[in-house]
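Only one chain is shown below, in structure tokens, and it's the form predicted on its own.
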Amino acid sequence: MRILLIHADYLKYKTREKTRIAEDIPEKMRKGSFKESLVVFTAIEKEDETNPTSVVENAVDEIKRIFTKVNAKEIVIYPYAHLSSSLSSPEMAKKILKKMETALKNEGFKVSRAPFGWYKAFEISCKGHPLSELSRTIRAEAKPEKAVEELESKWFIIDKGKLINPQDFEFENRDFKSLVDYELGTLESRGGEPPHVKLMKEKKLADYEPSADVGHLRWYPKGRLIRDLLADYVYILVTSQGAMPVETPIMYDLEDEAIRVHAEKFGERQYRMKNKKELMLRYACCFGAFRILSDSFLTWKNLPARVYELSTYSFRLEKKGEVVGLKRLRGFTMPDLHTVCRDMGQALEEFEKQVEICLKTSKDFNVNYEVIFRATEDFYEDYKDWIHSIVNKVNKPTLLELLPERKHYWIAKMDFAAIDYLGRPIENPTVQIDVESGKRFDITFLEEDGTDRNPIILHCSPTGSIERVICSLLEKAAIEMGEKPPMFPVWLSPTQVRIIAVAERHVDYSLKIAEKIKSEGIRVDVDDRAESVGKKIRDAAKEWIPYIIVIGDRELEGAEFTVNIRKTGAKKIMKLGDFISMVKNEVNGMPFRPLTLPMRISERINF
């Protein structure tokens, strides 16, 4: 049995149509509305048929335990076949679901059950705290193992070398308080759609693709350009640190024991498919990178060795109700760096360098990150001074989570998160120390004394997924709209310079100036439409274009132009050479790609 437990503000469902396997139901089960509930999405599997009584007992025990922890008011059992590709017979599924309902009711719980075999429309609002979304595989032979999410962690704030109880900390930073409240499960749930969803559509960057699975997007030329620039940025960043780019498949055979075990640690959110084999679409580049490394001959002289891949795409079977915009997707682009280290000393040195890379991305994107350091208690005791030195690099209060024992492949990790308009974290960069995968995937290196050893491996995404970087930029713009003009960093702006021709007689000269600017590696376009200058300026402002030049009769006769600078709101009279130098200085050191749309606005498609 596979179950997905959602602690929900509310769940509403309504039956639409019965299937051939639908159970007969009374009128009152045709729709339901539940508040403050633990919703248990449930798929009954073939193997459950061998011992249904034991499966029901284990499922009920797990539901009771989670119910108590999240302090819900009622339980809703919701049949959901999409959690498994190996389903039981319909009759057995109905039997087990009804037994679960009865067993919970007999123990005094308030329980409802949605009907089996009916097409249903449903709406759910997840509370959004760390225990609000949990997935489980229930077996007949044993009680389900205690999950990683439920280990009783200890929480502290590291500030200026001191450990402080979060309840005693005086918060001066709203973003940091939001992060702490979210991680500790005390963040108040704020409804509504995050503003980046509207902005990604309004700015013609991306939109939902109705003909694909939920959580997969279509990208328009401007959005594709930004994604490509971000990909170039990470490529340059990691290769400058010695990373070797590779490319690996997106699909893996779960008959491979190492891959299957590693995948199980990720939980249930996997795209799986069956042909002659059971296959899984990757959720990161680990599998391919580890297989390359296991087939390679490494010696201590090669280490640290770094391999990098930009996964286009990675896949996570996120819950349908939680998929939103660029923040949570089922198909996304993840920069993934893996570093093979000789020993813990080398791993700590590399970890420190990669934290600096993550902090650099914060500066280059002009996005604030709040930080969590997570580690086992043993690791903290052994490397306490090192941890505090790493936190000092962040130069701000940092949340510390101490796990009593290791249940992950990692023993320590550092997570960086931007905070969205609604006060919720957007997971961005991460660095992790992996002490399992070297052995599991049979990655070895020849030590100086001639013995073979398994390495320690660092996982690092210097930016987090590319989509979440864009999400962070748009959410930041939404937060700041009341204070200053929203915009992308100039190097990421799809159009960096807009030239506005006042009238048709100014178009040829505007195009001539645009070609000179283009030849200098600057993205420039020309608004040659038969519209008023005021409308053209307003349209440029809606596109967040950093620099606007208006060309009229005066500009035809002179050598200077008036430049409208979006960032400051200033108007500056400049010569063309000086203007080009100013823009190039603004984007110095950042990747460049040419304009992805026609230079003349009049020739563009309205996507």
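From a predicted model like this one, the values you see are computed outputs, not experimental measurements. Numbers follow the displayed sequence, beginning with 1.
What follows is about the form predicted in complex with the RNA, which we do not show.
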note = Note: the RNA not shown here; in the model of the complex, the stretch from 516-524, 402-410, 305-313, 444-452 having heavy atoms within 4.5 Å of it is 402-410
request  = For the three residues K319, R328 and S532, verify that every one has a non-hydrogen atom within 4.5 Å of the RNA in the model of the complex; reply yes or no.
outcome  = yes
request  = Name the residue from Y271, W386, W155, Y208 that puts a heavy atom within 4.5 Å of the RNA in the model of the complex.
outcome  = Y208
query = Looking at K162, K277, R505, K110, which has any heavy atom no more than 4.5 Å from the RNA in the model of the complex?
reply = R505
Proximity of G288 to the RNA in the model of the complex, heavy atoms at 4.5 Å = no
key: Distance check, S54 to the RNA in the model of the complex, heavy atom within 4.5 Å   = no
key: R554: touches the RNA in the model of the complex, heavy atom cutoff 4.5 angstroms   = yes
task = Would you please decide whether N564 lies within 4.5 angstroms of the RNA in the model of the complex, comparing each non-hydrogen atom pair?
result = yes
